[in-house]
Ligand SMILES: Cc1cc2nc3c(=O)[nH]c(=O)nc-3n(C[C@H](O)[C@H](O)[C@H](O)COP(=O)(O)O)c2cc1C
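Just the one chain here, the form predicted alone, laid out as structure tokens.
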Amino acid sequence: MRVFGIVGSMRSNRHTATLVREVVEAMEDATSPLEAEIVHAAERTFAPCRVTCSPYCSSHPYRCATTDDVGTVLKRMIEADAVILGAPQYFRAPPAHFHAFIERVQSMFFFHETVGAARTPSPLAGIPCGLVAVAEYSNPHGILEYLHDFSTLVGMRPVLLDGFPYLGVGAHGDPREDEVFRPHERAKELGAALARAAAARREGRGA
């Protein structure tokens, strides 16, 4: 089983990265063997979406006219059995660099599926997705909703939890001190649930 994680923070070794790794570790406890890869947005090149080149992505299924790391990361997502998306909240929004990746992928899917002459099903359709959000001064639920909107718009299936904040793992401030969102506990729950969802999908596809 393969899991692919994306850390949207501009800091590679802080709270968002820690919680994404904890979800992966929980998956490792729940299933074996597990092939895991985590990439950091801060270490990749993601140019903003130009939008004006929409005729290209309308006629080239899920491909972008701009050449950078977006295509490579999207390919890893498509190849995975499960995806983990993690992002912090910077000034009421995710980091601009990570948002550029989200914007580009979403545009590829939107323009192809709404303008493209030949409809090709989403290559991400049905892939289970786990969400992680961290906010220093406010509620992380806004970032969870942001990630949930993106993942559903491109066809993935976000894995929900039975406890608050339901959409995924949320943390307010330092996760070690957060007794409201209980991020470490939720990371274990999400990892186990994500492993079950990925296994069920593989079984259903005869993998």
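This structure is a prediction, so every number in the text was calculated from the model and none was measured. One-based numbering along the sequence shown.
If you look for the form predicted together with the ligand, you will not find it shown, but the lines that follow are about it.
Looking at residue 15, you'd find a heavy atom of it within 4.5 angstroms of the ligand in the predicted bound form. Though the partner is left out of this view, residue 66 does not reach within 4.5 Å of the ligand in the predicted bound form, counting heavy atoms only. Interface membership of residue 184, defined by any non-hydrogen atom within 4.5 Å of the ligand in the predicted bound form, is ruled out. Contact check for residue 92: a heavy atom falls within 4.5 Å of the ligand in the predicted bound form. With the ligand omitted here, the record of contacts in the predicted bound form names 132-140 of 103-111, 119-127, 132-140, 72-80, defined by a heavy atom within 4.5 Å.
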